[in-house]
Each structure stands twice: as structure tokens, then as C-alpha cells.
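Here's a solo chain for you in C-alpha cells, the form predicted on its own.
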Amino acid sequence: MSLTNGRKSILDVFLSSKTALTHQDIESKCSNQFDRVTIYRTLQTFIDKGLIHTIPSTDSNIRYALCNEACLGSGHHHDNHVHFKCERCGDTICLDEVTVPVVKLPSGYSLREINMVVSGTCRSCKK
């Protein structure tokens, strides 16, 4: 993967953010210097290379977050961890320290991915 100016800018946005980002967040943080298609393609490349992962959401916005060291690398994408979404401010974060419950599937089923989002109020909003 070559590091273009667009990829570097978008990666910098992720590195400076403490929460997951929507496509619109990335667009505005990049001062609208890249079109939607460029951002979408960059996000897909980052997903394919194991740099970021998607977070499921009950609204129509997909959120993206940087992978931690355990899930980095193309073909070694292991991002099964818990996410937390604040119902007040909307911030979504990865809770790497929280263990995903064991899911025992019936015979004949195989597990590929676990998506777990916990909703509530974050520390900042509770104050």
C-alpha cells in the first residue's frame, strides 16, 4: 500500500481521535479536501490491510476505529472486542480490556466475527 497524501491525512485523523469516526467525521476533519469516493476507497483499503475496523451501529452511520496491535495486519484481522456507544454524546470507543463473552454455536455453525456494542453514558457525560 503506497502512502498517498490522502491516506496520510486520513490516517492522521484516526491517530488524533480517541473515538470511532463516521465517514462524515473524517470528511469534516480533513476540511473537505477529499471527495467522498476517495475517503470511502481509503477506508476500504485500511480495512483490507487491517489498519481499521468497522463498528456496527443502530443508526445508518458506520463507524471506523483504529485496530490495536493484536488485530493489525492484512489477513490477521481479529477485532472481536466490545464497543461502547454513549447515548448522550454519541462517542463510540473500543473497550479492549473487556472480554467478549464466549459464544457456543450449535453443531455445523462456524464463527467468523463477533460484533458487540454496549450503550449507556460515558464518563464525560455522567459528570
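Rigid core (definition): largest C-alpha set, two forms, superposition within 1.5 Å. Position 1 is the first residue in the sequence shown; the rest follow in order. Because the structure is a prediction, the values reported are computed rather than measured.
Unshown form predicted together with another copy of the chain; subsequent notes refer to it.
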Examine Ile93 and determine whether its closest non-hydrogen atom to another copy of the chain in the predicted bound form is within 4.5 angstroms.
-> yes
Please run the contact check for Thr42 against another copy of the chain in the predicted bound form: heavy atoms, 4.5 angstroms, yes or no?
-> no
Do Phe84 and another copy of the chain share at least one heavy atom pair within 4.5 Å in the predicted bound form?
-> yes
Should Gln24 be counted as a contact of another copy of the chain in the predicted bound form, where contact means heavy atoms within 4.5 Å?
-> no
Another copy of the chain in the predicted bound form - contacting residues of 85 to 111, heavy atom within 4.5 Å = Glu87, Ile93, Leu95, Glu97, Val98, Val100, Pro101, Val102, Val103, Lys104, Leu105, Pro106, Ser107, Gly108, Tyr109, Ser110, Leu111
With both forms fit on the core, is the shift of the CA atom of Leu15 between the shown form and the other one 2 Å or larger?
-> no
